[in-house]
Ligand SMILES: NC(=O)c1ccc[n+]([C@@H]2O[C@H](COP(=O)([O-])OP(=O)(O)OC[C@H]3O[C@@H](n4cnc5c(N)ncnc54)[C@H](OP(=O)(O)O)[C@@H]3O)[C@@H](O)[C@H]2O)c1
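Form predicted alone, single chain, as structure tokens, below.
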Amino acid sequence: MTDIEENLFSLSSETFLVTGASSGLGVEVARALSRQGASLVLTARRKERLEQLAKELPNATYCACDLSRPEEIDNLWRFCDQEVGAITGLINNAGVAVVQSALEESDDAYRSVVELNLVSVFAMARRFARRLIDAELHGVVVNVASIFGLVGSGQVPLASYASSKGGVVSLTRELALQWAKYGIRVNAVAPGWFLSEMTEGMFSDEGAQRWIAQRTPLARPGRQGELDGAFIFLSSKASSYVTGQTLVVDGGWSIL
């Protein structure tokens, strides 16, 4: 790789806000962006985990926030404005899943999943874009969708999760269209099966592991680090002509 190509992936002049950064995918994304030189603001509900990760990474700070509460989102952005300065990248990663039959899932349970997985993504992106526009800055949003926002889940009942992630895919396209004129790119990553707190039940069950391997063309779940490239690409100048897209990283699951 030449120096010119390497510079396309550099994030040394950027500051990213990463939601859901206390575990799993959020931690991996934060580490990947940090390796490319980005400064980071980490947020999630668990302050102790955020503090631990912030100590590990150079140029990282944190602010605990429950994204299902609009007043806490306001406090988070106030912290960024006062303590950090301009945020030029947003990773909307925070999410939750309820594994339950649609016949049994309550309206309240469904609503709570959609509130975090979709409404908070919109709320965070809107506040981010408004700040960029007011400051006449360009920036990037990378939303975390899911293969189950694109295809049915099959044996795993995920009505609220799947519909919220489908909403993230559609929201990504719409925001990209509305904000392209401001120099704000909006894309999404749709992961397949990766080990996280959300999926650890599947990964601890041998039958579920066999099902994932049999159903995936590459015959295995994703490994640690295999999402890093997608996030670095969409967060950097390497994707300067890409917006409104959902990059699927699933070992081929969604093409069957």
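One-based numbering along the sequence shown. All of these numbers come straight from a predicted model, not from anything done at the bench.
In what follows, reference is made to the form predicted in complex with the ligand, a form of this protein that is not presented.
J.: Verify the flagged residues L67, Y161 and S196 against the ligand in the predicted complex: is each one within 4.5 Å by a non-hydrogen atom?
T.: Yes, each of L67, Y161 and S196 comes within 4.5 Å of the ligand in the predicted complex.
J.: Work out which of the listed stretches, 80-88, 129-137, 178-186, 144-152, brings a heavy atom within 4.5 angstroms of the ligand in the predicted complex.
T.: Contact criterion met by 144-152 only.
J.: Does any heavy atom of G24 come within 4.5 Å of a heavy atom of the ligand in the predicted complex?
T.: Yes, contact at 4.5 Å.
J.: Is V156 close enough to the ligand in the predicted complex to count, meaning some heavy atom within 4.5 Å?
T.: No, V156 stays farther than 4.5 Å from the ligand in the predicted complex.
J.: Would R45 show up as a contact with the ligand in the predicted complex if we use heavy atoms at 4.5 Å?
T.: Yes.
J.: In the predicted complex, is there a heavy atom of the ligand that lies within 4.5 Å of any heavy atom of L116, even though the partner is absent here?
T.: L116 belongs to the contact set for the ligand.
J.: Scan 95-120 and note down the residues that get a heavy atom within 4.5 Å of the ligand in the predicted complex; none is a fine answer too.
T.: Read in sequence order, the residues that approach the ligand (within 4.5 Å, in the predicted complex) are G95, V96, L116.
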